[in-house]
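The chain below stands alone and is given in structure tokens; this is the form predicted on its own.
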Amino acid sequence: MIRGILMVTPEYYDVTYAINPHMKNSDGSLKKVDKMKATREWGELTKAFLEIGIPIKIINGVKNLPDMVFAANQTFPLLDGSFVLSNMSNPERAEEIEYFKNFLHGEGLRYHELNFGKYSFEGMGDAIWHPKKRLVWGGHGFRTDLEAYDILEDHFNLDIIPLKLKREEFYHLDTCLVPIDSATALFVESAFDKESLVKLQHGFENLIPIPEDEALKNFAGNAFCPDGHHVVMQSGSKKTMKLLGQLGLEVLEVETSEFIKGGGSVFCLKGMYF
């Protein structure tokens, strides 16, 4: 069971460059963010987390780091309450790590700075814990390098199952895999190669496909289930909501449309700690 989440305030969030395909319009121009609307959306998301009893630690946003608000990427939480600092793949986001490091230090929280060298590792954007198991699913192919998981396994005696991502729209694992409980997960089938699909089928007794249109347009694969009962997700994914309802889950719909312009939604907007 998670103890809480980390969130970064959105005052500096914007789309000022393109490092994923969601950030551009069809004509190649950058998407424009309604900053007032984004602030309201962020506030409603924090409210939803608090309503289901999840404590939140707030990190202040930083000028000229518009993607820092996507707080799943800068750290990976270990089950002992400590964190692994990420090694971002894009130079536009590299400076974010120092601010997370300073925050953790100020909170008296332990963290690990590993020597990833030339290999990228983007925290919970790609490394996702299997509920109630000492098992990690590790996405790779776009932002995190496969070799980074060898380094994590060596340092922390982790069991990591790598999953190859093959579509740029699903550049992080958290855009296409939603663990619900130890037996159940939602996933975007077209995001994975064949070998990875077999691994997922062996790992979850109930593996439920997310309709691709809702995954692409509405980030339904970026939902978050913190407790095996509640699912927080972008509003409007009716088919996915029906699937969740059939599982007896309670869905909390929120609006994250301004953040989808930057390539993230509910799961991307929070880190996590145990």
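Everything numeric in this text was worked out from a predicted model, so none of it was measured. Position 1 is the first residue in the sequence shown; the rest follow in order.
The same protein also exists as the form predicted in complex with ligand ARG; that form is not shown, yet it is the one meant from here on.
**Student:** So which of 192, 83, 100, 171 gets a non-hydrogen atom within 4.5 Å of ligand ARG in the predicted bound form?
**Tutor:** None of the others qualify; the residue that does is 171.
**Student:** So in the predicted bound form, does residue 9 come within 4.5 Å of ligand ARG, heavy atom to heavy atom?
**Tutor:** Judged by the heavy-atom cut-off of 4.5 Å, residue 9 is well away from ligand ARG in the predicted bound form.
**Student:** Quick check on residue 268: any heavy atom within 4.5 Å of ligand ARG in the predicted bound form?
**Tutor:** Yes.
**Student:** Consider residue 70 of the chain shown here, and say whether it contacts ligand ARG in the predicted bound form, taking contact as heavy atoms within 4.5 Å.
**Tutor:** Residue-level check for residue 70: yes, a contact with ligand ARG.
**Student:** In the predicted bound form, does residue 143 come within 4.5 Å of ligand ARG, counting heavy atoms only?
**Tutor:** Yes - in the predicted bound form, heavy atoms of residue 143 and ligand ARG come within 4.5 Å of each other.
**Student:** Have a look at 150 to 158, 192 to 200, 171 to 179, 75 to 83 and name the one stretch with heavy atoms inside 4.5 Å of ligand ARG in the predicted bound form.
**Tutor:** Stretch 171 to 179 is the one.
**Student:** Check each residue of 146 to 160 against ligand ARG in the predicted bound form and list those with a heavy atom within 4.5 Å, in sequence order.
**Tutor:** Contacts from 146 to 160: none.
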